[in-house]
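Quick heads-up: it's one chain on its own, the form predicted on its own, in structure tokens.
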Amino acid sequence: MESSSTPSEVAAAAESALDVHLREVVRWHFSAETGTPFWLDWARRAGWDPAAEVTRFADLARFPHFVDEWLRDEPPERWVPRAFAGRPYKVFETGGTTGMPKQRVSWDDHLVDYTEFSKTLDDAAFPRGASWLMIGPTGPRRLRLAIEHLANLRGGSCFHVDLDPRWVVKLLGQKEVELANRYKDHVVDQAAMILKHRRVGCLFATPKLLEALGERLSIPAAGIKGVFCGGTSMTHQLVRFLVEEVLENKVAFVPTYGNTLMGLACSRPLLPEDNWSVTYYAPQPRAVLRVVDPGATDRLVDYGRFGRVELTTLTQEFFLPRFLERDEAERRHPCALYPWDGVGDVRPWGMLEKKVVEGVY
């Protein structure tokens, strides 16, 4: 759209582009030639043909909410589209939960997500050619490969600190707080050592690990120009503390909201009127975030009200309709950069009613 387009015209164009993308992805996953075994079997049992009958995003209401147990119980090959048969795939696990992890197969989605994210970064804050340090979940999580791809894409290399979030969650679940803190110190020790002996310009960390690192050293004095920060919940008090105290108002702070099932939701730049409250926007049309009424999930909550976060992922690799995240958020208005709904003040679902173990996030 031209710059003279009105906000309503831009929003309408984004909605139209989403519907076009949706039709392509649904046909892909439900056609006999390219379809995904799990979804082809699901359609036969359901007795209708999504490839022919889903024409706009609203039609996804015909699907039930995606059941996360499917990603635990179904073997990975059930999620491989026929078009990708014979192609070796990566198996990524989600989050830091205990028990059998949710797994998804992938080929290039994590590369595409972070290639698009790279376009939003300021070269002054995340210099081309600079080395990165990642302090976050590694192992079978896609984040490790994604951050390294981001660094390489921008002309740099990436150092990593190994971290197992499932171990942290297990310790906290057993009320072994001292051991969890010792493990956190072990991780931060390694990060501080790398920053002392290697030239690093860009950093990825979760909020808790970023705060812990800031207690150990001056992050701007260590040479960091920009911090890409990802985690489940960042209150406005925490965001202000990280920017003003931990980063000393000298380092760019870019918060994101993402996971293995969605990809990466970018944040709009903070404005004074935001009062340090971050708003995230899904990478439409590849993924869509909605804030729904937990008592009637077919309805969106009003702007400015809290509800449960619902995720739909739409790529050739992965179709995930109407998944109820274990998060709640405030529904936020579209903005000039992202002409679709945003989510703000994201926090674990039920956080105000019960104690939630967040681990390193």
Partner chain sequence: MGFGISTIHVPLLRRGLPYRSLDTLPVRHHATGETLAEVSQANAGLLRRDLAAANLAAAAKALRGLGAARRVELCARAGELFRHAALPMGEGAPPQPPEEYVRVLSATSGLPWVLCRRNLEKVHYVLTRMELILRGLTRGLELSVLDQGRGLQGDVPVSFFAAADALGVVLPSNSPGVNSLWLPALALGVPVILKPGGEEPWTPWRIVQAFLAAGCPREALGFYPAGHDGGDVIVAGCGRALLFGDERTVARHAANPAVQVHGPGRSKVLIGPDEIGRWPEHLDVLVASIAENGGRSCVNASAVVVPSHADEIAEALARRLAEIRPRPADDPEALLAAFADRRVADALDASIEEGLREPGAVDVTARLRPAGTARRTDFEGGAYLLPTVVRCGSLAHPLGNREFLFPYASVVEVTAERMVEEIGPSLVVTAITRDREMVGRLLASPHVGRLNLGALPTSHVRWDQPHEGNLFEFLYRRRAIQWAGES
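Residue numbers count along the first chain shown, from 1. Remember, it's a predicted structure, so these values are computed and weren't measured experimentally.
Keep in mind that the form predicted in complex with its partner chain is not shown, yet the notes after this line are about it.
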Out of 235, 115, 94, 106, which one falls within 4.5 Å of its partner chain in the model of the complex, going by heavy atoms? 235
Students should find that, of 241, 183, 159, 84, the residue having a non-hydrogen atom no more than 4.5 angstroms from its partner chain in the model of the complex is 241
Picking from 84-92, 272-280, 115-123, 253-261, which part of the chain touches its partner chain in the model of the complex when contact means heavy atoms within 4.5 Å? 272-280
Contact test in the model of the complex: residue 246 vs its partner chain, heavy atoms, 4.5 Å: yes
So in the model of the complex, is its partner chain close enough to residue 73 to count as touching (4.5 Å, heavy atoms)? no
Is it the case that residue 101, even though its partner is missing from this view, gets within 4.5 Å of its partner chain in the model of the complex, heavy atoms only? no
Flag residue 214 as yes or no: does it have a non-hydrogen atom within 4.5 angstroms of any non-hydrogen atom of its partner chain in the model of the complex? yes
